[in-house]
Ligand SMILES: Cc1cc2nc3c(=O)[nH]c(=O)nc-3n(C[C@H](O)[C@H](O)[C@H](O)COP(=O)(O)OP(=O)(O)OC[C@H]3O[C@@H](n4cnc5c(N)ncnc54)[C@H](O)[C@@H]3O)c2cc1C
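Only one chain comes next, encoded as structure tokens, the form predicted on its own.
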């Protein structure tokens, strides 16, 4: 069995794990990545979903030197339209006052390719694939990870192994989990009308339907959709032919993008949310989906994960500046303190928004409509909401 020493060992080589590895490697640390897949690249990446990159995340990606490569694959979000049932009852957000966009939409496969291209150029990063972790051992000031092919001794372990984290289960860490008993229908499609950089979020009684602007595909206007609905209904969407599916989607999107021309990809995912009781163990921290996941109603899950990465980056930089190796108990607890509240807040906001907009009571609907009108008139409040969505508040 191969044995190596690392300053920092990252478990999970997905989007969050890979960008974490690259950002920390730029400080000169030796980084190892343990990934369970045989390989992790855009050619075998089966997830066709898109990611909404907030302005705050963009600033950090630019800071570590990767935004320049990501930007050509992004479609800017210039405007967001929030629609309660009917398109006549809407709330509009933009960021004209800052002369900036509200965010950017990019396919995950492009992000992954860019991150891994950067990883391969870093001599202080070692990637191991086909890894099955056996156990962990704390020995003096180190944490040792035993796997099927390699033994890694590190000062700090980072769990970035996703929503169904093996690391979290191994340490039997309590966490709060909510099953929404629904599925998310995710599709990319072409349409006849230019989206003009506008994102739409329709709120229906079974859940939200979000439409996100994408770059053109073969000179066709293109968008992605995430539609929360009952599991049986979503399953039926996969059984009907494309013509019938397009007919349903045209009705639900209320002609905001003209007619849907072609369904390019479609996927479905079980909808759930969770938050760990804490974001650390001894010489180990939880990052991104291994620490928290949310209802997709606000489209901010990945950005909150990137907020974790930026917070970790700044904390490691602080430790490095005073000559202390990151990973001790104070470091791990400080990481938790810096990030837990933000995750708890987003967990509560997304969960409560979903509940509020699902209510069909006429009086509640009237209250929502009144609230939308009041927010539309309150410019200061609209600015605060848009700043929150951009991750800069």
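Positions refer to the first chain, counted from 1. Bear in mind that the values here come from a model prediction, so they are computed numbers and not experimental data.
One more form of this protein should be noted, the form predicted together with this ligand, which is absent from this view; the next part is about it.
S.K.: Check 34, 166 and 184: does every one of them have a heavy atom within 4.5 Å of this ligand in the predicted bound form?
M.R.: Per the other structure, all of 34, 166 and 184 touch this ligand.
S.K.: Just one of 145, 303, 223, 253 has a heavy atom within 4.5 Å of this ligand in the predicted bound form. Which one?
M.R.: Result of the distance check: 303.
S.K.: Heavy atom to heavy atom, is residue 339 within 4.5 Å of this ligand in the predicted bound form?
M.R.: No, residue 339 is distant from the partner.
S.K.: Can you check whether residue 158 is within 4.5 Å of this ligand in the predicted bound form, heavy atom basis?
M.R.: Close contact is absent here: in the predicted bound form, residue 158 is far from this ligand, nothing within 4.5 Å, heavy atoms only.
S.K.: For residue 264, is any heavy atom within 4.5 Å of this ligand in the predicted bound form, or not?
M.R.: Output for residue 264 is no: heavy atoms all beyond 4.5 Å of this ligand.
S.K.: Is the gap between residue 288 and this ligand in the predicted bound form 4.5 Å or less for some heavy atom pair?
M.R.: The answer is yes: residue 288 has a heavy atom within 4.5 Å of this ligand.
S.K.: To test your reading of this chain, name the stretch in 278 to 286, 232 to 240, 316 to 324, 295 to 303 whose heavy atoms come within 4.5 Å of this ligand in the predicted bound form.
M.R.: Contact-bearing stretch, as computed: 295 to 303.
S.K.: Going through 7 to 31 from first to last, which residues have a non-hydrogen atom within 4.5 Å of this ligand in the predicted bound form?
M.R.: Going through 7 to 31 in order - heavy atoms within 4.5 Å of this ligand in the predicted bound form - the hits are 11, 12, 13, 14, 15, 16, 17.
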